[in-house]
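Quick setup: one chain, the form predicted alone, written in structure tokens, and binding and motion questions come after.
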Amino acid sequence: MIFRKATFSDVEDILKLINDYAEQGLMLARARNTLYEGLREFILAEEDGKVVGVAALHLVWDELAEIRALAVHSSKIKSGVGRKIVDMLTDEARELGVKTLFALTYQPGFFAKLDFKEVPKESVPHKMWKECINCPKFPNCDEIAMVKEL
């Protein structure tokens, strides 16, 4: 298995992986244009030429970043792919000087295993909500906020 930065040729596979889960209500959907705009943020896992895992590190504000769009192909769940991707993004965050890393998720148990702590959404910096206004679930967010201090 290869872990690497995403490229333009990966966008359609990333879109399918993420939006397949979104159709099941397990994560938020992403639009193709947002994947292109944020392509540099993504790390993916590739096996036999297929994208089997993906996530992005999105810088939000001074020393604040988000792990977003984490998706692992159903055949690779519990294989360590998601953990490896989050670990790589966490290392990148540390290198950039990020002090607070967060995720908004429907899978808090996964992030808890990686030392993220569940926190009330109201306790996180307002800057992290800047993109929420574009979400179809706004203002009734049902994601769980998880935070990790680095």
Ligand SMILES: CC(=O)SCCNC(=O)CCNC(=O)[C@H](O)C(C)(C)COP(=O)(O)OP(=O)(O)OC[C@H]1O[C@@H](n2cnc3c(N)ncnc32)[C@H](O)[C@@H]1OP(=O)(O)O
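For clarity, every value in this text was computed on a predicted model and none was experimentally measured. The first residue of the sequence shown is number 1, and the count goes up from there.
Keep in mind that the form predicted together with the ligand is not shown, yet the notes after this line are about it.
- Taken together, 81, 105 and 109 are fully in contact with the ligand in the model of the complex: each brings a heavy atom within 4.5 Å.
- The contact with the ligand in the model of the complex, taken as any heavy atom within 4.5 Å, belongs to 26 out of 59, 26, 31, 96.
- Contact with the ligand in the model of the complex, defined as a heavy atom within 4.5 Å, holds for exactly one of 113, 121, 40, 50, namely 113.
- Residue 69 belongs to the set of residues with a heavy atom inside 4.5 Å of the ligand in the model of the complex.
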